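Presented as structure tokens, the chain that follows is alone, the form predicted on its own.
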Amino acid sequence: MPIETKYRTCNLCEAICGLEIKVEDNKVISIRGDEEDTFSRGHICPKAVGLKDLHEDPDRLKNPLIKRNGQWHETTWEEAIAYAARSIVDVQITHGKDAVAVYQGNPSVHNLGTSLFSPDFVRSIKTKNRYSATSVDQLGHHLAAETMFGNGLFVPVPDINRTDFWVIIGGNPMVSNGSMMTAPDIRGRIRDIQEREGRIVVIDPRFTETSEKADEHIFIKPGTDIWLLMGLMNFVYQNDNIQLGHLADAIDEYKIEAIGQAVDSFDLDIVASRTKISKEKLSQFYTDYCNANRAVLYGRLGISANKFGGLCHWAINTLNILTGNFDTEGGAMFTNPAVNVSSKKSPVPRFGRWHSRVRNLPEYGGELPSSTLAEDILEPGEGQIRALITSCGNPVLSVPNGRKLDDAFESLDFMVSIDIYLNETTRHADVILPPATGLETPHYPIGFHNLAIHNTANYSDAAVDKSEGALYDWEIFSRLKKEVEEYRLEKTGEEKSDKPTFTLEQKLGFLLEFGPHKLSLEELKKHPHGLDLGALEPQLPKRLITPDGKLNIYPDIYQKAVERLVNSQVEEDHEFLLIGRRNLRSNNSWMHNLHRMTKGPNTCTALVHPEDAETYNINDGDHIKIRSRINVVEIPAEVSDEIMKGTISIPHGWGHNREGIRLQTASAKAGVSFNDLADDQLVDELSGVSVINAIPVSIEV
């Protein structure tokens, strides 16, 4: 057969880079960047070639597995889906609908079929016990958007294509290619900013890969970002830098005054004391930000998942608004995507409508904080979770206190996992349903077009045929839903849904046709390099979907949180504070089983500052023990001045040393799990988000 050229959007991270793929006889010959892609302009990162390795990985499951007498056996799709669906219903009949829980991992949004079809299946289960990676990653962004602008998916992104002063707090876009800001080729975009005489400032406890390309790096004590932001807000008020511009009529004036009064006590002395940044450096940074022509603040995981993460994201939005850097070119702006997921209006914010059973933590968007999942399984009593469905997720390695989750999952009456690997989480399941994946699937990155720094649309057909007999993820969810509803009708008489069923392309086609650009899927298919839908444009106040149509700059929940912050006592000093980090060639645990992505020096190390290393007589490569409240791990030390004194950094996603997994490469480079140290009892009081940055730990040698 002749060599074919296929064009595709990479779905391994948020950057959605365009790929040119050479295929011969259904085998991938090469993968390179698509020079004609309207968004990524030929850029790819090392992960792109991982799509070939993922497709060819001999450890990837291609047939359903059922566990009998502790042993795995391949089975038919019919038997596996019937067993899974009927076991779910049986548990609910015996113990109640909330006795079944659902956990969905980060890859859900990277897969079109899961994005479009899992919600209908989850709704058919009718449980309030829903969990996802959102509450250990990005919930602060969504909660701020929900309460300030009217929809949790209406999230502003930095217009870095036109900004003059980009402030990055707790983010590392050179590695993540954005994260809650879809932006391929960050290196090139940083260079563009600097060539137009703009500046990039990184504020982080670690001198990151992004810091190397930035104009300035400012070290900050982990977990103290909120004082930096509140101090900047006070500086804005004290120096009359408020510029509401076209948003003035959409904001209640009394709330502007209330914010000014609330931040009055955050002077340079208290900010310097908390953050360990000198008053001189703080004053210069605040002045530079306020004097910049077009500036934008951007905060990511380092602030999203700390003790005041929810308040941090409100503060970032508010600072961008107060200084005239919101809904304006070069500031924080909103996308206008072909499929708009943020147009739905709610009469009240979707927050705190119910709470977790054991700790009473609040729901957001229909989900409970994932840090409560283990205890809601293990704690006996009414409402105890007895069965679990996991999809696209490995919470044992990605949710705090993974060892506790191990115990919890092992205690379940039933568990089903929709996943392509037998890994640290799915090993506990009774049945595993592996979908066709990666290059075998069509793709349209709905979520990431809604977070992109430029409006585009790009649909990808499958680059290779799926394995014989394999099912797509959307087919699995559709069949599970049908089987659940039919079996429940048989057992209880409860009527099943009368909604019509659709294929993947039909569903996507409807969303495109009814979207703001009125595109048809047929037309989009004619543009394999994507369609350019234009630069970000001002959209407020017209697109605000709050109940009163105004921009709610100071929601009640944040007023209360600011009061708690003002009245908070100085925290006790801890020996060390633990933070995470990410490697360019992996997406947490996703790609650790691919040799090409993990070859080379061991990256699962604990970064330790030279002065701390000297105090404890630690040398490069020494194995040290790090202890938190819940656990202790042993890990090689890496002595480096890129980490702030008193801080330790361990990467996320490792720890492939559990029994019963089928991951040859990952097991060989097991590393340790960061989340075995992360304390499930540490959460942001405002939102319930897990605290996975600034975790108190100690060193043992």
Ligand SMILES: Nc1nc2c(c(=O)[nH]1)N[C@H]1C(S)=C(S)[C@@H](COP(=O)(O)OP(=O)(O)OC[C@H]3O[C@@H](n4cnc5c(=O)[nH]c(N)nc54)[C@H](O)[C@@H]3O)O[C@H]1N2
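Residue indices: 1-based, along the sequence shown. Since the structure is predicted, the reported quantities are computational estimates derived from the model, not experimental observations.
Just so you know, the form predicted in complex with the ligand exists too; it's not on screen, but the next bit is about it.
If you check the ligand in the predicted bound form, you find no heavy atom from any of Asp98, Ser124 and Lys496 within 4.5 Å. A single residue from the set Gly309, Pro173, Gly231, Pro158 has any heavy atom within 4.5 angstroms of the ligand in the predicted bound form; that residue is Pro173. Note on contacts: among Thr372, Asn325, Asn129, Ser398, the single residue with a heavy atom within 4.5 Å of the ligand in the predicted bound form is Ser398.
For Lys52, no non-hydrogen atom is located within 4.5 Å of the ligand in the predicted bound form, even though that partner is not displayed. Contact annotation: Val689 falls outside 4.5 Å of the ligand in the predicted bound form, judged by heavy atom distances.
In the predicted bound form, Pro337 stays away from the ligand, with no heavy atom inside 4.5 Å. Under a 4.5 angstroms non-hydrogen atom cutoff, the ligand in the predicted bound form has Asp419 among its neighbouring residues. The stretch that touches the ligand in the predicted bound form, counting heavy atoms within 4.5 Å, is 165 to 173, out of 346 to 354, 165 to 173, 481 to 489, 71 to 79.
Contacts to the ligand in the predicted bound form (heavy atom within 4.5 Å) from stretch 196 to 210: Ile203, Asp204, Pro205, Arg206, Thr208.
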